[in-house]
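Next comes just one chain, in structure tokens: the form predicted on its own.
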């Protein structure tokens, strides 16, 4: 049996339905036919009549295309919850974001949003700590968390890496994070890097009287990630970082279940899915999946302030504005109430410097991690001065003092503004 059509504009989604929103450009067929192909391939159908598909299955599990907006090229599909295994993010995405992207019937297809029903949400654990737990752990109650990524990304040995981390903490930053492609290298082994960096973290905490955080990148094969998380635990670390797209959703869920640390999620490779506005998967959809799967912190972009694609000088102002709205949509979702799933702390990173802070604070608020790489280590007087300039800028912005005014009494900030300017 073959289903004639999945289109049912009179269908009213039930509270247990999973609903998807797709941007759809059909390929030499009608929008309706392409939408039918998507609904079939993502659920119970196939390309021809089959004797194994009976009315019982159709009645219980057939999805419904209940809305088609041809002007905006948006279709909405409601799926019965039994099509998905509870708590299994890979299976869910294999259905609603799987083979459908490769079908001949679509020229472009983008998964814009996913509306999960409570019964599926309840099958996931979500973040272990969330914003409130992170605030309690870091002892930073109001202002944004301030951090850096060790630069260069790759090349420093273990002691040099630890020294740069120490200078960052001593200058006033809360957080030091490994970069996304630093793992265990021939010149910088994971275990030795942990030993050296955590030793100097402890030194920085004693000298400053402040809590200092190190986020080691444990990204690797799944069992090796668990081994590395154990090493972090042995040295007294409270965080681990995972490149969630390259690691995969199964690996992410395993780390959330097995590792009792704050989970910092880097989105390396997301551009392969999100950059084309007409194809792939939106960052909002990725953020929803990441929050369900258990990330405590997630990179979301810089709202047209930093260096990544959404902010390039070649972009027209309207494109920048659109991207800024997208970033806010991601951030608002991460922070809002979502049944019993804890809120996630958004991370802004990529091309930021001390002069970016007031604008970033105004656009994205206090509940955020601000990460500075070159904007810290590129300071004319070195890493510690760069860290001090960031802290000075953040303190001034929180107090409503202009950076130009603050720079009159803060030499590190004055030098940073001279080099980087004010965003």
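Only a predicted model underlies this, so the values are computations on that prediction, with no experimental measurement involved. Positions refer to the first chain, counted from 1.
One more form of this protein exists, namely the form predicted together with a further copy of the same chain; it is left out here, but the text below deals with it.
Visitor: Would you kindly say which of 65, 40, 364, 394 lies with a heavy atom within 4.5 Å of a further copy of the same chain in the predicted bound form?
Guide: Of the listed residues, the single hit is 40.
Visitor: Which one, 338, 166, 249, 239, lies within 4.5 Å of a further copy of the same chain in the predicted bound form by heavy atoms?
Guide: Among 338, 166, 249, 239, a heavy atom within 4.5 Å of a further copy of the same chain in the predicted bound form occurs only for 249.
Visitor: Please state whether all three residues 12, 32 and 332 have a non-hydrogen atom within 4.5 angstroms of a further copy of the same chain in the predicted bound form.
Guide: Not a single listed residue reaches a further copy of the same chain in the predicted bound form, so no.
Visitor: At 4.5 Å between heavy atoms, only one of the stretches 240-248, 208-216, 131-139, 338-346 reaches a further copy of the same chain in the predicted bound form; which one is it?
Guide: Stretch with heavy atoms near the partner: 240-248.
Visitor: Considering only heavy atoms, tell me if residue 352 and a further copy of the same chain come within 4.5 Å of each other in the predicted bound form.
Guide: The answer is yes: residue 352 has a heavy atom within 4.5 Å of a further copy of the same chain.
Visitor: Does residue 158 reach a further copy of the same chain in the predicted bound form if we count a contact as any heavy atom within 4.5 Å?
Guide: Answer no; every heavy atom of residue 158 is more than 4.5 Å from a further copy of the same chain in the predicted bound form.
Visitor: Does residue 253 reach a further copy of the same chain in the predicted bound form, with heavy atoms at most 4.5 Å apart?
Guide: Residue 253: contacts a further copy of the same chain in the predicted bound form.
Visitor: With heavy atoms only and a cut-off of 4.5 Å, decide whether residue 55 touches a further copy of the same chain in the predicted bound form.
Guide: Answer no; every heavy atom of residue 55 is more than 4.5 Å from a further copy of the same chain in the predicted bound form.
Visitor: Suppose contact means any heavy atom within 4.5 Å; which members of 144-176 contact a further copy of the same chain in the predicted bound form?
Guide: In sequence order, 151, 152, 153, 154, 155, 156, 164 come within 4.5 Å of the partner.
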